[in-house]
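The form predicted on its own is given below as one chain in structure tokens.
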């Protein structure tokens, strides 16, 4: 089956009542704010030193390296976000700023192509001596992705040439005898090498990515024994022993049946595995991807699309271990899950992957950024009591308010590049076909029979189940639109030119033939807010309910419901009620539930009592999870007790 392609971002314009709240911030707020942070010009944010590290590495400043060993990647992801934003909003000043940053990168690069400011400044003799912790290959992967994006949007190849030189060094180094079984500690370069292959046509980059995947978890296990080498450079000085599952290197990738270890590393690897399975027609590798996907969505994923249930090692743990108040669910992990699902949908043409991707994007990913674009969540819990988020406790990693920046700042620029590239998730292109994945308002330029076609999408999603597609096909070309019908759509009806289209679903899509010069397609469906129940094996959610409406998960906040949300029980015999509040959070549908709340009574009765507490009736207000924390600081809860 031919792989579907992501659309060229120059060929799609997002104009959507829901997503505009975020995408409009990318160029206006997020990118300038992050550039100020990277240059240490934002007084409210934690120092970054990222640009300063490059100046020191280039010999233009004196000083010491500051930050995490992978600090360079913040600039890489920022550049990638800039590239995507320029595809739909030209900005000469921003492009000049990006060009200047690329020039600085070029000046910092070593003559042999090596590029990593930590090792250039701090450990000049230590390059590639600690793949487990050093993150050089991870950093290279992000710069490769940025280089390809910048080249594809602007046509400028300076960063592309920089990263070709870097990739050539990596290919040469990792075919030497000393590195014949070496793999990156943190996967990402595999994605970068694959993209670099497609941009340059150099097959050795694709082959190197495949070798990194094929070597992983094989014996002799490079990452397990790396610290025994004489030239080992200890980066983190971590007294805890390395455990291979953390980096998914405890067994070959083709035999792994469960998602394990660091969640971001895992899904970045799975995304690369999917790409490689297609490129090499590797059915075994594709089956491994399918198996790992099923384990995630059936046993290890939160209702919000969050993954990685443990704050310790930011990792998957075991099936059904999904605590709500101390989970990690890193923003980057859900972004990586979206990468993986998108690729699997491209390969299989199966919309079930899109549904998981959609869940992650609408909930955890959007929750990661404030509605002003200037503060961020790294961790995405499903239950928060601000007073309990104390240092030196099991929930020390949980924040009740979004942070202006982080010492380890991988999430903010990752969110920026994801929002800026939203069009790649909205639709795919095939041979004389357009696949509409997400119900997002937009205008798309496509081709049927080699002739231009313009498709305009208007939608009420995610608050109303209606989507209208208008096709302007001046040459009357023949093609197909494959429209995704979500599983949550009740009684969907499709009208094509005012006539009912009765066609079977094909892996979650309905095919709409196009041949007239003007076509109008209208999809309507029911999408009421409803209760969701977890598998009882999920101990944390047993006896509790959540609320969903379409792709959105809802959350209760203290702002609307008072303190101690855990004292509230929901009467699920009464259906949720909905009301659209135009002035709230830029316009949103609020869901109200009937419930009862425990009364504290007289505190002098003691901490533990023999009298059952009284309860009073209450009405619970819930807002979309992605919006939580944008008003007053307070408690938040997704899963509520059932009466």
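It should be emphasised that the depicted structure is a prediction, and the values quoted were computed from it without experimental measurement. Positions refer to the first chain, counted from 1.
Only in words, not in the display: the form predicted together with a further copy of the same chain, which the text now covers.
- The stretch that touches a further copy of the same chain in the predicted bound form, counting heavy atoms within 4.5 Å, is 384-392, out of 384-392, 185-193, 124-132, 159-167.
- Residue contact check for residue 600: one or more of its heavy atoms lie within 4.5 Å of a further copy of the same chain in the predicted bound form.
- a further copy of the same chain in the predicted bound form comes within 4.5 Å of a heavy atom belonging to residue 610.
- Although the partner is absent here, residue 549 lies well away from a further copy of the same chain in the predicted bound form, with no heavy atom inside 4.5 Å.
- Under a 4.5 angstroms non-hydrogen atom cutoff, a further copy of the same chain in the predicted bound form has residue 539 among its neighbouring residues.
- Note on the partner interface in the predicted bound form: the residue among 350, 475, 535, 250 having a heavy atom within 4.5 angstroms of a further copy of the same chain is 535.
- Listed residues 369, 301, 483, 264 were compared with a further copy of the same chain in the predicted bound form; 301 is the one with a heavy atom within 4.5 Å.
- Heavy atoms closer than or equal to 4.5 Å to a further copy of the same chain in the predicted bound form belong, across 189-205, to no residue whatsoever.
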